[in-house]
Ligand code: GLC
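Given as structure tokens, the chain that follows is alone and in the form predicted alone.
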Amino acid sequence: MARNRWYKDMVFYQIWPRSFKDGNGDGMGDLWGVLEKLDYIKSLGCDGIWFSPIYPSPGADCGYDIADYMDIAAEFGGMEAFRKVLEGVHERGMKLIMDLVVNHTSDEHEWFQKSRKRIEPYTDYYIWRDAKPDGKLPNNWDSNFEGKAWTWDEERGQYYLHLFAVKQPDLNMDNPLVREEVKKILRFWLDMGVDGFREDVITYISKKEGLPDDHLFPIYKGMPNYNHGPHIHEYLSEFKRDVFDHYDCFTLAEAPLVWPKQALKYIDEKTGQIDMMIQFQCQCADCLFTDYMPTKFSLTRMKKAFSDWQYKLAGRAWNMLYLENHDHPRIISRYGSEQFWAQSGKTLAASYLFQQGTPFLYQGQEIGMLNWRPHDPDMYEDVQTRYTYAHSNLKKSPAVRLQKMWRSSRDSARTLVQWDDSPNAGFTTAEKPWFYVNENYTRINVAAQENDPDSILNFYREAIRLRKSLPVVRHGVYKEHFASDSKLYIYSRAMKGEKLLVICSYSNDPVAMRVPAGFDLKNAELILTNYKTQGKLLQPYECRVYHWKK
């Protein structure tokens, strides 16, 4: 089936279901709550929804440990609620994509329970190994979440590999039966009417033969032996040929540690196996390697990442654009300024919404939700955060370690969405919700911004409306200007005489306005800004978007 690439004209909204909206009053976000808010999502200009996992799961990693791929968890409303949401999405002319998590399952999945008992054909569905002759672990690999990547299973009498949490054993994708199971899962949801998949750490599914030790990588030892593994393109091509090519659907790959040249092997529109890729470079402008090694935000690092992907994918592949998701702390607290909260929130929006690609918004981003700062580390829910607090920088005081979590924890993206200033931010009518709400919800919430023309929320609406109305945003050539400037991000888009110039300040202080050669502002229309008056100096976190018609 020929692909019409409808995703190029869309804006997606990511939902972390348990924190989005509780529709039945039990304290847990659910699909009934999503159903209530479909018109709100549509009002943003979003025409696609990506659900983080809503399958049955023990919850060791907030749903990314799946126990049944062909059902919807009861706490989210089960299959009945899902079908109603899917119908509601399609009635509004929107699309819906699911999270596909097939690098690993839950250890409570039927396949794993049978594999540990050596019941055929499941014996080799996972990666099992004996201890080394000296009694040591099968290799020196680290897990991404909890210590080493191997855990002993008494019933099987062997170690199993888990690149993430202990309760997330890795599937053995080299087993053709496992790949057939993945195809069954894909067909099940596509036949139901789902429009595609976001594929979780899909570049990890092929491990190097022999699972050798890693003596090169400084942290997350073993990653060179499983990220972009030897059969990755073969397996993804198989899924595309046998399933995706037979449906009008969309695929989005999560790919840690990938750069444009390597990404093109996956997403080149002529030769690739996937439509778009989530890359992490733009999300590492305030860290050395991951969010758990935070350092000072670097605008030049962020600009270089944005521009790298724009330049190198141009004409060959399509960019996925994003600032926030469930795996990153809130962007204003990281790249912007809580002091200049509204201004920096709008500048961040303008920085990415006018690039070429398909933008994704994460729940709460559109109202400028900020990082959460709990007073007690036990308040954190995230398995990665809990492990990091307990095991890193043990010489540091608890207060210092807690402050590090304030900057880096994924849980800052997972607090309850702030709908209004009523108890629990309007998320639930229950007395006690499943998780916490940020204390600033009485000030930062949807209701407070709905009718305010100067709100972050309405800035997002207008920016999305503009990007959809201007062909230059989809088709124009991207160019960054003044790349070495550490306070300004300025880029242009140009196509057949139509031009767009985006100017974004990342300074707490006024800075001199800079205009690239060839852009005469006297002939331009200022179509978007976050200040009511403009001068020769850019005010703190000021942004301006100028447009030249043909």
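From 1 onward, residues are counted along the sequence shown. Just so we're clear, the structure is a prediction, and the values are computed from it rather than from any experiment.
Absent from the display: the form predicted together with the ligand. The rest refers to it.
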**OP:** Go through 222 to 230, 440 to 448, 160 to 168, 184 to 192 and give me the stretch that gets within 4.5 Å of the ligand in the predicted complex, heavy atoms only.
**Re:** 160 to 168
Subject >> Of 349, 369, 416, 101, the one that lies within 4.5 Å of the ligand in the predicted complex (heavy atoms) >> reply: 101
Subject >> Answer option from 327, 238, 462, 124, heavy atom within 4.5 Å of the ligand in the predicted complex >> reply: 327
Original post:
Does residue 254 reach the ligand in the predicted complex, with heavy atoms at most 4.5 Å apart?
Top reply: yes
Original post:
Given that the partner is absent here, does residue 201 sit within 4.5 Å of the ligand in the predicted complex, heavy atoms only?
Top reply: yes
Subject >> the ligand contact at residue 467 in the predicted complex, heavy atom, 4.5 Å >> reply: no
Original post:
Could you tell me if residue 380 has a non-hydrogen atom within 4.5 Å of the ligand in the predicted complex?
Top reply: no
**OP:** Would you give me the residues of 46 to 63 that have any heavy atom within 4.5 Å of the ligand in the predicted complex, in order from first to last?
**Re:** 61
